[in-house]
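Only one chain is shown below, in structure tokens, and it's the form predicted alone.
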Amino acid sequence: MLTLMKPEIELYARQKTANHGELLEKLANETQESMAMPEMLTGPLEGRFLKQMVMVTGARRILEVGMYTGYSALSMAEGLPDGGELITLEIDDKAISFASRYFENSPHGKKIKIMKGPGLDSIKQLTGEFDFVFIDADKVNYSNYYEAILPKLKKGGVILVDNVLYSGEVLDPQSENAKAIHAFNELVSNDTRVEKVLLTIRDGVFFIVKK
């Protein structure tokens, strides 16, 4: 896999970015030590980016598809005002148990509600509009998640989608995941319902705004 950013450049950027605090540091370290596929962890750069995006958009209701160990959910919850709500969808019992411990130890954990089950099934159960959505789940369903969520997003609402460069494999997609992400990127880039920009943050983040 391609390395999209030199490690020393990412370290420099982290050093110039607001600190994520002791709880998220502990969460990140425990994820690395005890969980399968720790590379799925949202890192400090993207985590602070998510928090600030929630703040600047004024979001009060967030949907997250793919929670893993809860780093991104807690990061976004920090940016929510009191009374804000974040619904996060996750299928893995171990990840839910892990994240729940950290949510209980955070002053922002009360803003987070976990829905267990396949993401597309959970999305069908959701009512009301969302201000902000973060998608970071199984790559083969990215297009399906997008189409299911867009009608539930308010006008002017934001969707952020992670890993849309897939370590550069989108340039010549061979694997199932790379092909699915390439197809998703094509879908969004040609979608007249939204404004969009593909950001080269870490592994690529699609920044989408509903017209």
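A residue's number is simply how far along the shown sequence it sits, counting from 1. These figures come from a predicted structure and were not determined experimentally.
Although not depicted, the form predicted in complex with a small molecule is the subject of the following passage.
The candidate spot formed by G156, V188 and F206 lies out of contact with the small molecule in the predicted complex, as no residue has a heavy atom within 4.5 Å of it.
Segments offered: 146 to 154, 167 to 175, 180 to 188, 62 to 70. Contacting the small molecule in the predicted complex at heavy atom distances within 4.5 Å is 62 to 70. The contact residue chosen from A137, V133, A99, A77 relative to the small molecule in the predicted complex is A137, the criterion being a non-hydrogen atom within 4.5 angstroms. Of the candidates G117, P107, G128, G83, G117 is the one whose heavy atoms come within 4.5 Å of the small molecule in the predicted complex; the others do not. Residue contact check for I87: none of its heavy atoms lie within 4.5 Å of the small molecule in the predicted complex. Interface membership of M53, defined by any non-hydrogen atom within 4.5 Å of the small molecule in the predicted complex, is ruled out. Not displayed here, the small molecule is approached by M40 to within 4.5 Å at the level of heavy atoms in the predicted complex.
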